[in-house]
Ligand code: GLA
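So this first bit is one chain, no partners, the form predicted on its own, shown in structure tokens.
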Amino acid sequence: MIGWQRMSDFFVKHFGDEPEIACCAPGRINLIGEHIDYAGGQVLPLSISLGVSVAVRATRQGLLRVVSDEYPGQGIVTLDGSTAQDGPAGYVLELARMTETTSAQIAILSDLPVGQGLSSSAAIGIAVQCALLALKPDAVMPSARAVCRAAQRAEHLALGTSCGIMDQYASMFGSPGNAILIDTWQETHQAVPLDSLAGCSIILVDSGQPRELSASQYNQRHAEMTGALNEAKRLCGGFNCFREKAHDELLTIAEAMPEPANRRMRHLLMEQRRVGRFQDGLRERDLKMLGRILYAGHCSLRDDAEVSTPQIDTLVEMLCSTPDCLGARLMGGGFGGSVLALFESPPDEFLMAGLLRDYAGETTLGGRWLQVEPGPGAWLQSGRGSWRSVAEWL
């Protein structure tokens, strides 16, 4: 994560003064539980040590002035709250509106790779809101969960992505050494220790295939899942959340549905079961079981959710054939992005370089890999002083 000194230098370079407040919000990986958070499922992500840092200073100009290292050729963008904006600028404007901020200088820096399924947009949503809220110490503060919901809503409105709340929630409430089991229906969570993965490596491999969720079929999959759930609800006499009903009962209903509703519903039900089994594997320290669950999850994302691509499938199969790789799967919304792989020991760099050369030969895409580590949830920092957890502050 980017520290205060680099944020301050970037801020001074563009605005002339030092920032008052900075907020850092991490990206996330999702161990298991893909494409079920918007259906009220339980998911198992963890926040990582990479993320987005936002530095801010209050002004009296009546304008929002925004600069980001993600758009180096764009310089400072001036936003007027009365003017509609599209894309990233519109997203920042929507986040500012949700904190009732009309005048501020905002600098956004990131060490989080974009387009790899690490939820950079959710991290921006948390970091921008919390930094702006911290400029108003006397105001009535929303809850941490309300900030997550607002960031989710801003993505819906400004970026056109019908995402669930998992990404924002993981960025807010993550903790080092733990995954976080999120009940997206009840909006509750609990820490899940990752002690059993000591000595293992969680690897993320970029497929080289850019992921544009709003321009992809992600929203279509969301709509198809919602439609399948509504039909299941009608056929079984109703429920508030699908997890209230017996798994086998809903699976029988799902199998009788027409295409593609049957497969969308089957993915939801089986992926939810995999979340529970993955926790069992962690408790039992059964690494091979964890690997099998990851690969089974990928097969479901490929065949039932239909969010994978031929290139991603190739990468998953290559990884699963690599020594010490326990299992791998597509991670994130799909239609490009990254593959998550669990290795029993740190992978050999020479071996990984060879794998990526073979992958490039098969697909003409250039991939890259990195090892990710669990990190803390969002935090605030004022000047060069100590930092504090946003979840505990709100």
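Source: prediction; values computed, not measured. All residue numbers refer to positions in the sequence shown, first residue = 1.
Only in words, not in the display: the form predicted in complex with this ligand, which the text now covers.
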Self-check item: residue 332 within 4.5 Å of this ligand in the predicted complex, heavy atoms
Solution: yes
Quiz item: With a 4.5 Å heavy atom cut-off, would you call residue 218 a contact of this ligand in the predicted complex?
Solution: yes
Quiz item: residue 163: heavy atom within 4.5 Å of this ligand in the predicted complex?
Solution: yes
Quiz item: Might residue 369 be said to contact this ligand in the predicted complex, defining contact as any heavy atom within 4.5 Å?
Solution: no
Quiz item: in the predicted complex, which of the stretches 27-35, 359-367, 61-69, 46-54 has residues with heavy atoms within 4.5 Å of this ligand?
Solution: 27-35
